[in-house]
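Shown here is one chain on its own, the form predicted alone, set out as structure tokens.
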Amino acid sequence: MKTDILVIGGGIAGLSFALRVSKRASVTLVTKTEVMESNTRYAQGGLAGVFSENDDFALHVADTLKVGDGICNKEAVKVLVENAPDSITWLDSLGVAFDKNGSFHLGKEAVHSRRRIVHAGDSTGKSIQQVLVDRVTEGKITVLEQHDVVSILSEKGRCGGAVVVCDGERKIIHARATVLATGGIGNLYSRTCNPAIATGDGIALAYEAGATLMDMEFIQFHPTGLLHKGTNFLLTERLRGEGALLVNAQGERFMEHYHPEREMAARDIVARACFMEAQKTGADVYLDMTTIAKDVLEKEFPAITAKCTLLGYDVFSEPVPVSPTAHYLCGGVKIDLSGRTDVDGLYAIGEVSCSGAHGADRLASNSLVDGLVFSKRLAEHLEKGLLEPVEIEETLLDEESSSLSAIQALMWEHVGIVRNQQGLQYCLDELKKLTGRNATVAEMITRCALAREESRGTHYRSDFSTKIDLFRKHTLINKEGISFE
């Protein structure tokens, strides 16, 4: 099979890119499961963009840099922020039902110095996903669901497509451009708000093809995953932006003991505080939404109130148990500002990629915008011309994969919210005994976490608990080893 552009993954980045570029090239989009399933679908909060008169790009940039803790790529941040409003307006023009009262109704989240979160109730991602899927499937894009990519066709630093498997049948898809849009790695952890497909497949594929990965140690843990067996439901940060409070088992607020900004501190700080408070008290911590007016909860957070009610929690009269949960990979496949990796013909956009815009921790609601902005930039780059087609022979890389549950347990225990040399080394030694793509990605994360002997952003080392100027750099890892630059 041949196509101009092969897109691997169907979240906001892959779908929006496919829509934009399909006007001028043939596009084939493959998804691991059905096209509606992605991290985007489960995003509750929204998209950050400058729309109010008392806001400006400089403030949004400053907020992003503050959270990124010293290692954001400032040029990438500028690109992200300055292109966010147009990207959000483009989604609005496609028919996404954002909350409005004439103009966008803007929400507030932690560290944002202004209200700038555009949302569709508390199911923003689902609304976006549905509109993009409808547009993609009604167009001329070839969509192949239930197709698992097993390897990238690469040779001498050049990519020429991929090998996929569907119902046991192998297919080779030759492409002039191959775009990774496979999302994150949350399901490598035993506690995550990500769907089951988020196991870092694209990262492993890129690494095997010779691409460089960047900042893999920076895993963002969302502070408020609903702590209920059998669910990975998230309680959006917008709740705290509207006044919800974190309390311990005695009903006492505790964030003031960890940071002066309390519930509105950066996510890594709040997640670590929840983790430490639970350890200190030997009991769960809770999110108290009773501080929010009932009509506001019902109107602005209908999915959350309905889910909690279904599980037996009365959010209008009692706090609900929460726990930090693996949420977002700030690192990924290293790209330039046009989405190019260091393998010719191989590109990456969305959570699988890393431009350096998020640094050591991502500012809330910058992720969906990241997928939109960099997918548009890649589409514009490829419109200038595609590489000449090249046929590369398949390399067999299939191997029996180790148990995912074993990897999840190791990662949560040793490469989670609080890390140290002993635990990281033990995890690395155990991972080396395992096989498969999941183990490869987990090993990359662990190796980078071992190499960064400091605490910065989402990466907290109890044995190196302060920031060190020597490490105010990005971590790079490829088949040749690890470096900082």
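Nothing here was measured: the structure is a model prediction, and the numbers come from that model. The first residue of the sequence shown is number 1, and the count goes up from there.
The form predicted in complex with a small molecule exists for this protein as well; it is not shown, and the discussion that follows is about that form.
Site residues 161, 338 and 355 are none of them in contact with the small molecule in the model of the complex, judged by any heavy atom within 4.5 Å. Residue contact with the small molecule in the model of the complex: residue 45 places a heavy atom within 4.5 Å of it. For the chain shown alone, residue 224 is not a contact residue for the small molecule in the model of the complex, no non-hydrogen atom being within 4.5 angstroms. Under a 4.5 angstroms non-hydrogen atom cutoff, the small molecule in the model of the complex lacks residue 178 among its neighbouring residues. Contact annotation for residue 12: at least one heavy atom lies within 4.5 Å of the small molecule in the model of the complex. Residue-level contacts in the model of the complex: of 28, 31, 455, 438, one residue has a heavy atom within 4.5 Å of the small molecule, and it is 31. This chain is drawn without the small molecule; in the model of the complex, the residue among 366, 154, 87, 187 with a heavy atom within 4.5 Å of it is 366. Contact with the small molecule, judged by heavy atoms within 4.5 Å in the model of the complex, is confined among 247-255, 145-153, 300-308, 79-87 to 145-153.
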